[in-house]
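Form predicted on its own, single chain, as C-alpha cells, below.
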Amino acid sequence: MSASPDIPGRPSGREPSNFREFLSALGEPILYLTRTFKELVEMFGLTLYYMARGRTRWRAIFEQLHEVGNRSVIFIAVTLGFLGMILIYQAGYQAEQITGDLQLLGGLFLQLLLREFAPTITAMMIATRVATGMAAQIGSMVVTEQVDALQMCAAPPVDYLVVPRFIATTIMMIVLTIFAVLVSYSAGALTALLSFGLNVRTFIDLSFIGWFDLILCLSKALAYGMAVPIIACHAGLNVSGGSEGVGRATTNAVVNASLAVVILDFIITSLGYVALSLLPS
C-alpha cells in the first residue's frame, strides 16, 4: 500500500520545525552581511591594487568628477543651507530664552559643523543621489552583458568601472564637505543677523576650532568618499534578474551606503575622542 498523503494539521517529517525556521531566519541575514562585507573588502582591495598597478584613465575620472561634484553642488547647497538656518534659529531662540547671550553661537555652530553635520549630511546626500546612479548604470551594463564583454576582452570590470568612480567620489566628497561648511555657516550667519540682530563679526568665531576638528572632519569625508562608491559599484556588479534586479540594486546601494555612513561616523568619532583623551592636556 502506498504511503498516504500528508494530512493537514498533522506534523510531517519533511516540514522544518519551528526551531529550525527560527535558526534559518536568524542565520540568513548574518550570513548575508558576512558575505557582503567580505565581498566589499575584496573589491576595496582590488580597487587599490588597480589604482597602483593600472593605467589612469583621466577622461573617465573627469567625467565622474563632473557627475559626482558639479551635479551635486545645488543639492548640497540647498540642503546644508537650510540645515544651517534651522539649527541657528533653534539654537538662537533657546539661548535667548535661557541666557540671552548669543556671542558663542557662531563658534559652537562651526565646531558642530566640522565635527559632525557637514561631512555626515554631505555623505548622506551623495549616497542618495550618486550611489543610486552608479548602481543603476553598472547594473544596466550587467543586464545588457556589457560587463561580460569587458571580461571577454581581458578588461577587469573593477579597473574600468570602479576605479574612476572611486577616485572621483573620494576627491569630491572632501571638496563638497568644505563647500558644505562654507554654505551652511554663511546661511547660519545670515539667519543670526536677520533673526536676532547678531553682528556677523561676532558670529564668525574661530576660537573653538582646533586641529582635532579639522582632522576629524576631513577623516570622515575621506572615509565616506571611499565607502560610498565601493558599496554602490558592488550593488551594480551583483545585479541579477533583469530590470527588476537593477531596481533592487539601486535600493540596496542607497540603503547600504547610508548605513555605512552612520557606522563609519560612530567608529571615527569614537576613535577620535579616544585619541583626544590620550593626548597630554
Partner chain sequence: MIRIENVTKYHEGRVVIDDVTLTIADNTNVGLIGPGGCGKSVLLKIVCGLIKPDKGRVLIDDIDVHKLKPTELAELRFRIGMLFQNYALFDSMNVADNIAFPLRQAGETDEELIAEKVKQALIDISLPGIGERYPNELSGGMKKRVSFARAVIRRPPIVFYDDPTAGLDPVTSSKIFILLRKMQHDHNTTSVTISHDIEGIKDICDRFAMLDRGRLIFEGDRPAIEACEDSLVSQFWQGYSDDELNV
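Keep in mind that this is a model prediction, so the values were computed, not measured. Numbering follows the first chain given and starts at 1.
In what follows, reference is made to the form predicted in complex with the partner chain, a form of this protein that is not presented.
A heavy atom within 4.5 Å of the partner chain in the predicted bound form is found for exactly one of 86, 152, 182, 74: 152. Screening 207, 199, 144, 99 for any heavy atom within 4.5 Å of the partner chain in the predicted bound form leaves a single hit, 144.
Against the partner chain in the predicted bound form, the set 49, 55 and 148 is in full contact: each member has a heavy atom within 4.5 Å. Residue 160 belongs to the set of residues with a heavy atom inside 4.5 Å of the partner chain in the predicted bound form. Exactly one of the stretches 111-119, 124-132, 184-192, 152-160 approaches the partner chain in the predicted bound form with heavy atoms within 4.5 Å, and it is 152-160.
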